[in-house]
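For reference, the chain that follows is the form predicted alone, supplied as structure tokens.
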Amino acid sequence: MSVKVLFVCLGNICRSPTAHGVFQALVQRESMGERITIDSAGTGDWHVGKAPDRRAQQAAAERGYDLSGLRARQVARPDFDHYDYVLAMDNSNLSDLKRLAPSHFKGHLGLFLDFARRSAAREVPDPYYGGDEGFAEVLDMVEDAAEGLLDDIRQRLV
């Protein structure tokens, strides 16, 4: 059995590619890469085909994550037939996903930070219009939630 995870934010250039890269590294470190497939997407189409924001890439690289190979794409209805977890970065993204999700979707559709253990926040703030410190804050939240998500998936795979 394998599990497929899709991270979703607005433009797929800051938060969701950060979650994608962090979770991919964690999954590889735990030797679970053959059992877990990871992707990311945005609810909007403004950045389709573009690499993650340079600030997101730089903040991630400072912690040992490589986002350079990722490219933005827009989430689509067929994604719900492919992914077991569709995880939104904020409530606005989640609302958009709920409208898009087909009624037969049986996977987990929710907020990524629901898996966080240390962060009291429920939404990953969009750092796009802020300073560099926003990207570090996003990484802190994402690293926390990634560990909780992996534990949840491990329970599914047993």
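Start at 1 with the first residue shown and count on from there. All figures in this text were calculated on a predicted structure; none of them were measured in a lab.
Another form exists, predicted in complex with 4-nitrophenyl phosphate (4NP); not displayed. Remarks below refer to it.
Hey, with 4-nitrophenyl phosphate (4NP) in the predicted complex, do 21, 24 and 142 all fall inside the 4.5 Å heavy atom range?
No, the candidate spot makes no contact with 4-nitrophenyl phosphate (4NP).
Residue-level contact is defined here as any heavy atom of the residue lying within 4.5 Å of 4-nitrophenyl phosphate (4NP) in the predicted complex; does residue 146 satisfy this criterion?
Residue-level check for residue 146: no, no contact with 4-nitrophenyl phosphate (4NP).
So in the predicted complex, does residue 128 come within 4.5 Å of 4-nitrophenyl phosphate (4NP), heavy atom to heavy atom?
Yes, contact at 4.5 Å.
In the predicted complex, which of 107-115, 61-69, 29-37, 120-128 comes within 4.5 Å of 4-nitrophenyl phosphate (4NP) (heavy atoms)?
Contact-bearing stretch, as computed: 120-128.
Are there residues in 1-26 with a heavy atom within 4.5 Å of 4-nitrophenyl phosphate (4NP) in the predicted complex, and which are they, in order?
The stretch 1-26, when checked against 4-nitrophenyl phosphate (4NP) in the predicted complex, contributes 9, 10, 11, 12, 13, 14, 15 at the 4.5 Å heavy-atom cut-off.
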